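So this first bit is one chain, no partners, the form predicted alone, shown in structure tokens.
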Amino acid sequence: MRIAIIGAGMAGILSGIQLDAAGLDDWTIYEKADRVGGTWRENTYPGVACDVPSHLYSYSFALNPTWSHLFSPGDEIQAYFERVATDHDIVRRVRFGDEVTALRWTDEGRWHLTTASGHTDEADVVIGATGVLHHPRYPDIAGLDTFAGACFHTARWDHDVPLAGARVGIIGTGSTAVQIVGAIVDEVGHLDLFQRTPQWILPQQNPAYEPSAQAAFAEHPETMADLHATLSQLFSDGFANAVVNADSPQIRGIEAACLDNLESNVADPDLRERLRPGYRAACKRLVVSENFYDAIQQPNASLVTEAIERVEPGGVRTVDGVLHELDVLVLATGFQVDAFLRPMDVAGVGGRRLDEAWNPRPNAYLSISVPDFPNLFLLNGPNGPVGNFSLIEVAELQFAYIAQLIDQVRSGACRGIAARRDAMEDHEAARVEAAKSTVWVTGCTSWYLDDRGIPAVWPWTFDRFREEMAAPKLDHYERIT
């Protein structure tokens, strides 16, 4: 069997390793960039880090004894993925700098693949490992292109722009902006944080792992496996399962911890009220930080809560008429999280386009398979557990499920396999109904919500996800013989 993997980030590296382990060694990873890493390659802004504990945000088969902190910085995570890819001989089988532009299902029951360079390939199976956090979303603000200073998105950070002594403005207050504020406030001349919506900030303790602890992990790898399992259970029993029930005691506990963090650490009553959220905790992605409240109270930092009217050459003008003069403007405005394989042109059975199948919004059965697109399997696809689980753990479970679908083709039971339309529609109806009791629908605007205001994420517990991923219900699939 010939297999094409699209994307050399966390999920693409995982796919190559697991295919080799299954004895399927005829595969290529197509990567648009010049090295592996995905999200962690793209995001190099100051303060970038993961909000999942490092010993959980690791491959279960490649646990790392040398994590420096409980929550490790982005460059260390990028180095981890590069090391794992090298150790498992993945890198030499990646076609770098050649973005896949088109996929077409042929009458012969294979996928025809075309890249930006004109290269073509054919594969029996395509695994979409394109991720969700790599297409920057730029804000629609009048005059943005007139700004005279340096202006860039956080995922396109310009490290050649000096920040020392500069007047820096940041638009956005999500996890990325919070991390940047804490990382640069002591360096810049002045920092303006333009806030549309205040965030729930969970206090984060981020202790370093002492060399003795790292040595103990290396000498006794079973302790890392135990820690990985313990963190997974704590994460799923705690936060991951809490958000699917807006009335859960865990959510109340999170709210109490966040409010205590605000009340205890923000001295000025006016600033405290402007930082106080007016919606439920975890309705938006919960922000964790060990230093944001301290950073935003520095003498050279200002929280701007007036709405932005427009950007001008000299800075940002708010609706109260004030021009906030800036040298650097940073756009911490997130990503186009509903892109997935797009802008790739994908044509399935009968020439049906993926854009058509995903109109008005993307969908996939169990976030993995789309009807009429046989042998095209997605990792961390539409409506998956992106909001409440460790995505590495999710991808490992999903790949084990996908491997069982590939075995249907490998064994000769069929040439192609894709979810049945009725199975996907039934799953989607149940998902939408279950979403009504989650914290994500309690009254906020977030990137979790689709164009209907429905959370585009998994609305059930992690235990249910594990059960679904244990084995495919083959009667929910259509097989092409």
Ligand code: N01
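One-based numbering along the sequence shown. In this text the structure is predicted, and so the values were computed from the model without any measurement.
Beyond what is shown, the protein has a form predicted together with the named molecule; the following relates to that form.
- Of the residues 182, 385, 362, 172, just one reaches the named molecule in the predicted bound form with a heavy atom at 4.5 Å or closer; this is 172.
- Proximity to the named molecule in the predicted bound form, defined as a heavy atom within 4.5 Å, holds among 45, 67, 27, 59 only for 45.
- In plain terms, the part of the chain that comes close to the named molecule in the predicted bound form, with a heavy atom within 4.5 Å, is 442-450 out of 28-36, 442-450, 409-417, 428-436.
- Proximity of residue 280 to the named molecule in the predicted bound form: non-hydrogen atoms within 4.5 Å are absent; the residue sits far from the partner.
- Contact check for residue 95: no non-hydrogen atom falls within 4.5 Å of the named molecule in the predicted bound form.
- Under a 4.5 angstroms non-hydrogen atom cutoff, the named molecule in the predicted bound form has residue 176 among its neighbouring residues.
- Among residues of the shown chain, residue 137 is one whose heavy atoms approach the named molecule to within 4.5 Å in the predicted bound form.
- Shown here without the named molecule, the chain has 45, 49, 50 in 35-50 lying with a heavy atom within 4.5 Å of that partner in the predicted bound form.
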